[in-house]
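In the form predicted alone, a lone chain appears below as structure tokens.
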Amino acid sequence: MATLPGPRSLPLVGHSLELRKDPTGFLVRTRQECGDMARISVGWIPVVLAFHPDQVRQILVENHKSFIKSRGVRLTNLILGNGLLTAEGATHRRHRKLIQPAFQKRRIEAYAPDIRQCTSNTTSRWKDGQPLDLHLEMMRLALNVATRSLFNADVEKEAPEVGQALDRAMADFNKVVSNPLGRLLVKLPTPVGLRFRAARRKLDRIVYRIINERKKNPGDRGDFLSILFSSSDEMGSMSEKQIRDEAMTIFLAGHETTANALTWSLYLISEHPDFALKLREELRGLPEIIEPSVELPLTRALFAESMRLYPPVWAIGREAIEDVTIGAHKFEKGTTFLLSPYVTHRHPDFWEHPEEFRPERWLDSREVNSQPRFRYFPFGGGPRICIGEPFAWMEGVMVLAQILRRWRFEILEEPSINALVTLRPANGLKARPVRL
């Protein structure tokens, strides 16, 4: 650790203030100044930054058994409980195996009608020329998709309440993660702790309502919740608490990340009219009902490039549970590592014109298959790769196609990045919709 370069830090707080103020900018500058592997500190806790794709591969794939989720990720159990995102070892492997059938291709494609209906419900409220917040709209849309397709429930009326609770929890969680005493901060009657627990109670109330309604009317409805209730192995079925934790993980993590990816996609296409014209040509002449099997290479390229420039999960943390060698360096058990898709996706050694929006790069098979593999990892990698990746791709492409065939947007206020648990546009994305 001591041999690694790193930016100057302040006593006691380390780089916490910079991470809280502008985390993505700080990480990009650190790579530029210190190289692909550097050291920083969050308070008194040392952290190794690993930006090279080969280092990412070693941590997420080759040596994955040597790591658990980092302290910051583990803190998400304050809301999510012990679901797939936070569970470790045998618990994670068991739950992933039980849940996997919900994300098989046949099941995922059966969710397409819900995606189309939720998108139609959203756009039907828009008025030609009347400003709106695209981030808020995509959050509500993705929330409705998640609850209708994955839980066979409808929370559209509660969407504003869910959004407010999630906004509050995200903002406070950012303070918790950047504080070495974060878990204590939440448990004590501090302003942050009181707000955080109130937000969690609101979210719990909605998720438990969905679970209890299903208990009254059991049966396989072809959704994620049916899998949770019916799955079992030699250890038996999931407990109600385990069902709650997995449902909360999918409920929050699933819709939050997709909504952000959609928002940034709409922002980017609005700022690049030449590509927008090409994309509309692709969408012209499609049948009214867009099936997931329809090939839409430009629409998919837009979604892929959006997640390159603005990956919803902008940082991934791991903690070594044994001594480990990464690259040319040896690290002791207990070392914390931070990977950043945001930084690696913009690495000039692995991308041509990395800061530019160039969705055409995803139409070139040589570019798509270019090595190294982990220069692009918006869904993570290895045994803990996001289980909902296929669903996210289908939803993202279908929603964008359905919206962009009928609407374009004039951005009213340039968004800045708000890197909390996910990469959000600060203060939303104000835009004026124009019907085509």
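Residue positions are given as counts along the sequence shown, with the first one as 1. Computed from a predicted structure; not experimentally measured.
We do not show the form predicted in complex with a small molecule, though everything after this point is about it.
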- Spell out, yes or no, whether the shortest heavy atom distance between residue 384 and the small molecule in the predicted complex is within 4.5 Å. yes
- Task: Verify the contact flag for residue 318: yes if a non-hydrogen atom of it lies within 4.5 Å of a non-hydrogen atom of the small molecule in the predicted complex, no if not.
- Result: yes
- Message: Does any part of residue 253 reach within 4.5 Å of the small molecule in the predicted complex? Heavy atoms only, please.
- Response: yes
- Find out whether any non-hydrogen atom of residue 53 is located within 4.5 angstroms of the small molecule in the predicted complex, and reply yes or no. no
- Task: Would you mind picking out the stretch of 30-38, 400-408, 371-379, 44-52 that comes within 4.5 angstroms of the small molecule in the predicted complex, counting non-hydrogen atoms?
- Result: 371-379
- Message: Whether 76, 186 and 247 jointly form a contact site for the small molecule in the predicted complex is the question; each needs a heavy atom within 4.5 Å.
- Response: no
- Partner-contacting position among 153, 313, 141, 228 - heavy atom within 4.5 Å of the small molecule in the predicted complex: 313
- Query: Considering the small molecule in the predicted complex, which of 258, 335, 270, 119 comes within 4.5 Å of it through any heavy atom?
  - Reply: 258
